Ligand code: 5GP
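The chain that follows stands alone, in the form predicted alone, written as structure tokens.
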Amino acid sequence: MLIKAKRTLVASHMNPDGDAVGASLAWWSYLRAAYPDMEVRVVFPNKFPDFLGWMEGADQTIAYADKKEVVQEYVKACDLIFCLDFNAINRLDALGEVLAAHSIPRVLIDHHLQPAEEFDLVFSDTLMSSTSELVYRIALALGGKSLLSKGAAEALYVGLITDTGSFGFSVNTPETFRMAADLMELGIDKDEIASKVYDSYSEKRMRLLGYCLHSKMRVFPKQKAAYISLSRKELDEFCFQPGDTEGFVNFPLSIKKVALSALFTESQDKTHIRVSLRSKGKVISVNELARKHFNGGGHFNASGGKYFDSLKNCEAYFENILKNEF
């Protein structure tokens, strides 16, 4: 399948995060090195955050929202599609509809729970810290460590640290740390990468975070829960850019007795609310919560979804869940 492919697409999910972008760029780099005659393109449903734009190959990726016709024509000519860091085609929104419309073999590389039965080949391991780690393991199994450039190693490390909170969670085996050591041997500067990822935010983003914690965080001690909600108007007031709210949902979990945190952000077109859910410990599965109530899913401690109504109603809906289920 892979050897015969002449045109390949690498796709990842809506609102791509560090793991989605890092894994995709690393796999793009590996495929180009291993199969020089293969044409490979990376497509995301929409733009990724600016602080990820320094990685090798990032400037060659395509946002479907900006170049729909270009992507549609390329998909028609594809032999193979790699689906990275999501477990169901609907996670791609409109891009998913394009992929589903063609009978092109689809390969899933992912670490989320309960992958859908719509892929021709599946590499899924929920014990992996990140999709980037799984990409790295596959590259090793194919004998390709020598084909991983420094740029690919940097992208893998970005995925690794962003999906584990710099090794603070989701590290299930010692192999994750061995991977980090291997990447250092390939020449990455871990401190420089961390600075580019975590020390490159705008002043507006920092003020938005302060506003969230001071004025928008609601805590429910009895239910050991908290949430933050942001309207489109509030986001616009702080000149919101994609990625600005990344990690905000984790902050309420720093409160001693809070074990469940949610972040609700109104979409730009105001058609739905983006829902991010986090938990700590081994009691609350936000994957089940997201699947049951928010048309989503993910991991035991980190999941997301959507709510198709107003922000006010979303808040009330969540508070009712807390009242009845916690």
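Values in this document were obtained by computation on a predicted structure and should not be read as measured data. Throughout, we count residues from 1 along the sequence that is shown.
Although it is not shown, the form predicted together with ligand 5GP is what the next lines describe.
Looking at 57 to 65, 33 to 41, 254 to 262, 276 to 284, which lies within 4.5 angstroms of ligand 5GP in the predicted bound form, counting heavy atoms?
Flagged stretch: 276 to 284.
Using 4.5 Å between non-hydrogen atoms, is Ser170 touching ligand 5GP in the predicted bound form?
No.
Should Pro49 be classed as touching ligand 5GP in the predicted bound form when contacts are defined as heavy atoms within 4.5 Å?
Close contact is absent here: in the predicted bound form, Pro49 is far from ligand 5GP, nothing within 4.5 Å, heavy atoms only.
At the 4.5 Å heavy atom threshold, is Ser129 in contact with ligand 5GP in the predicted bound form?
Looking in the predicted bound form, residue contacts with ligand 5GP do not include Ser129, since no heavy atom lies within 4.5 Å.
Can you check whether Arg205 is within 4.5 Å of ligand 5GP in the predicted bound form, heavy atom basis?
Result no; Arg205 lies far from ligand 5GP in the predicted bound form.
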